[in-house]
Every structure is written in structure tokens, then in C-alpha cells.
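Just the one chain here, the form predicted on its own, laid out as C-alpha cells.
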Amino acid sequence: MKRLYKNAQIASADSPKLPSADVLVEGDRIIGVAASISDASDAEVIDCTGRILLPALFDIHVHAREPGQEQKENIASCAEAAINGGVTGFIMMPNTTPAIDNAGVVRTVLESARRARIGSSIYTAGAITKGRKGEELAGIAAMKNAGAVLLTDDGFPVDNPQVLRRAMEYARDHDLPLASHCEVKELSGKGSMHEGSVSYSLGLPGIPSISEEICIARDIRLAEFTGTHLNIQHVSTARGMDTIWRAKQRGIRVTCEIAPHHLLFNHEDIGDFDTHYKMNPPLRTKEDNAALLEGLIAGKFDVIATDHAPHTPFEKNQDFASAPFGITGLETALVSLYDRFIAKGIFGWDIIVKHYSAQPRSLFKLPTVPVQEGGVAEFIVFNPNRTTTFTREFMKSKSLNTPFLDKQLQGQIERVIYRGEELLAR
């Protein structure tokens, strides 16, 4: 079957410009991209006037919660949420029950992803240490052979630097990136939000910026010593970002993520103890927001990653200090970034394509999906003139722990195409 997407504006990683073009798809391939395609009488025609056509997104930091926490999410519901947000590929984190810390569990979750038969490319990380306890290395070689593409104890730092050093050496030797959740637990203590004026006024224990920043510096130094590819997860402070940037300039193999919520929100949003704003690393300051945004535009960050972390209403409806950390993000990321930044002219579509589609795939040596003749047909049709309201009925995730619940934002994902198949058409 052929489909002709007429009069679209094509977004790419190379330029903020949006040239108009027709895109002809047959099977799973794009067989034509031109200013005007008229010789496709046998094709279904889809009018994309006023729409943006951009490569589908890829998220390297997703909590699918399977096995063991399926009341929050499972792989199938996570994939549906991803598609709803224009994400056609993602990497699952290993903080499940049991942890994804051996080849058997790696094979189990990948088989579950295959059985779900949801149109998306699903990968998994393996834990650095057994049970994510930070004490004994997990079976790294066996997990790599079973299909793991990343090592991380996400949610926990590896406190012991000697254990982390050995893990980095194994990761290097097996050509696996190692991702680090950076936190000094003794400094974070029982903190539940950023330590600052708002935590003081609310009477909540705080997590100081140095908890994250000291660990970032330590892990970079270990990566430099071992020659490992280190990815710093969900950077939340300007100083942490600058530490990573200086390391990059010295040639150290370090990459880093920015989560949409660390661009969009800050500790002042917590206001009335709203647990939808409780996450780790916590929301920092307006000054951090501004610096991180500037860093994203300047190329200091490699990828946008949501840290999609679903929790049940029962868990999130506890008091702020007791509620778990985490925010969902797969369904809200693209529309919220459009609403807040692209629609206001703060940055262009090239930032999204580069950091939330092309570079995340390249980081894991996966083929990118630019909208070009001969390429795979894996893209999104986005309507900037419509709105999206994130109601319970709209959301596909099992969990609804997002500040955007029942909020209306500018922009709508109208279609999601994965290898030529339309998975979503509104």
C-alpha cells in the first residue's frame, strides 16, 4: 500500500528551517520526497498542509516496571504510551522486581516485548550490580549476549568507587555504555525536594545540589581513568552540566541527558505539596532552568530523555515526604516542549529531532530515521494549530502522575508511522 503525505513541512536535525515537501511511502520505506509528487494515483493521499513531519522519537530512559510492578505499568502499556507521544523506540531501566541483573531476566523482558506486538523498537538496560545493591557486579557479559544495550543501577548510585571502576572496565571491554544516576546518598539523606528557600518554607527536608554535582565529578574521573563511555542521567543543575561540558572538551567519553521536567518546572511549582512535582533529581531553581535550556540549545546535552516513571495514585496520594519520586513523560514530552519552547520561538524543531530522535539512536549505534528518500518510514505528523488535553481518557499509560493531567497545551500529534504502518491516526 502506498501513502502520499502532501504539503508537509519537513523537520530535520540539520536546520531549523522547515522546507515544504510531499512524502511518498510504500511498504516500510520512503520512496519519494519532493516539492511536489503528482504521479501517485494509486496512493492514499493524506493532506498535511500546516503540519510538521518529523522523524519519530527515541527515549533512552524509560521505566516500564515489568517484571514485578505491573500495577504501575507493563511493557505493553508503556509501548502504547510511547506511541501516543510519538516515541517509536525506547530503552527500559532495570529497577524492576526482580532487577534486570542477569541474562535470564534480560531474555524474559525482551520476549515480553516481542509478545506484546506493539509497533515499536524496545530495548533493555541491565543492572550494574546484583539486585542494584552496589556491592557485587552483575553478569555483564551474559547480559550483553542476551541483548542488553546499556548498564545502569538507575535510581541508585554505585557508592563504592572500586565496584564502579570494575564495572566500567567490564563495560568498556564489552562495548557497553554505562549510565550513572549521580547522587551522594549521605548528602541527600531523607530529602524529598531541592534544598533551598522553598523546602525551608514548606518544612520539607531538602536534597542539595552538591549531592548530584559531587557524584558527577567522581564518576567522570572514573570514566576518564577507565576509558569507558559514561552517560550521566537526568542532569538537573547548571554546575553539573558545566562539569560535564568541561570533561567533554578534555576528550573524556561522557554524554548526558536532559529531562523535559528539568526544563519546564522548578521547585517553586511544588507550592501546595503537589507530589506530581516530586522527582529525583528534584526540580531545582529558575536559574537552573534557564541555564539548562541555554545548554540544550548550545549542544551541551546529547539527548532529551523523559525518565518516564509511572506510579499508582495510591502511592502518589501520600504526603509529600512519603510519596515516591517520579513523573510520567512519554506522552507529554513532545507537546509540552512544543508548547513551551518551539511555539514561542525559543528553539526550533531541529533541537527536538537532533536530541530526541537522531542522537539517542546514534548513541546506541542504531540507525537514525531521517525523512529522506530510501529511508525507513518512521515519522510523526504534528499539527501545531490543534491542542492536546491530557485527560485520563487520552492517556495510555497505566499511571497518571504528571503535572499535565487535565491541562490543555498547544500542539497535537496526529499520526505516528512506524516502519510504514500507521500506529496512530487522529
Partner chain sequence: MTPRKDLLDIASLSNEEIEFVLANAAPFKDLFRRSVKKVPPLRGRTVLTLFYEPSTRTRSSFEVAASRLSADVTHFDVEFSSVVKGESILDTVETLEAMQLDYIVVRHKQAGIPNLIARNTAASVINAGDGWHAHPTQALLDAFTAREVLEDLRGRRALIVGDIQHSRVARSTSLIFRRLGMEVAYLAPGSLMPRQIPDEITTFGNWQDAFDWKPDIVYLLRVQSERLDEPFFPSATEYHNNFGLTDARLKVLNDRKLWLMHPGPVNRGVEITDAGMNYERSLINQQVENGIAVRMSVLYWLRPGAAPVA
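What you see is a predicted model, and the numbers here were worked out from it, not measured in a lab. Residue numbers count along the first chain shown, from 1.
In what follows, reference is made to the form predicted in complex with the partner chain, a form of this protein that is not presented.
- With the partner chain left out of view, the stretch that reaches within 4.5 Å of it through heavy atoms in the predicted bound form is, among 270 to 278, 219 to 227, 180 to 188, 87 to 95, 270 to 278.
- When you look in the predicted bound form, the only residue of S197, T108, N160, N145 with a non-hydrogen atom within 4.5 Å of the partner chain is S197.
- Residue in contact with the partner chain in the predicted bound form (any heavy atom within 4.5 Å), chosen from I346, A290, A141, A321: A321.
- Residue contact check for G251: none of its heavy atoms lie within 4.5 Å of the partner chain in the predicted bound form.
- Residue contact with the partner chain in the predicted bound form: G131 places no heavy atom within 4.5 Å of it.
- Heavy atoms of I258 never reach within 4.5 Å of the partner chain in the predicted bound form, leaving it off the interface.
- Using a 4.5 Å cutoff between non-hydrogen atoms, C215 does not count as a contact of the partner chain in the predicted bound form.
- Contact annotation for 279 to 316: a single residue, F314, has a non-hydrogen atom within 4.5 angstroms of the partner chain in the predicted bound form.
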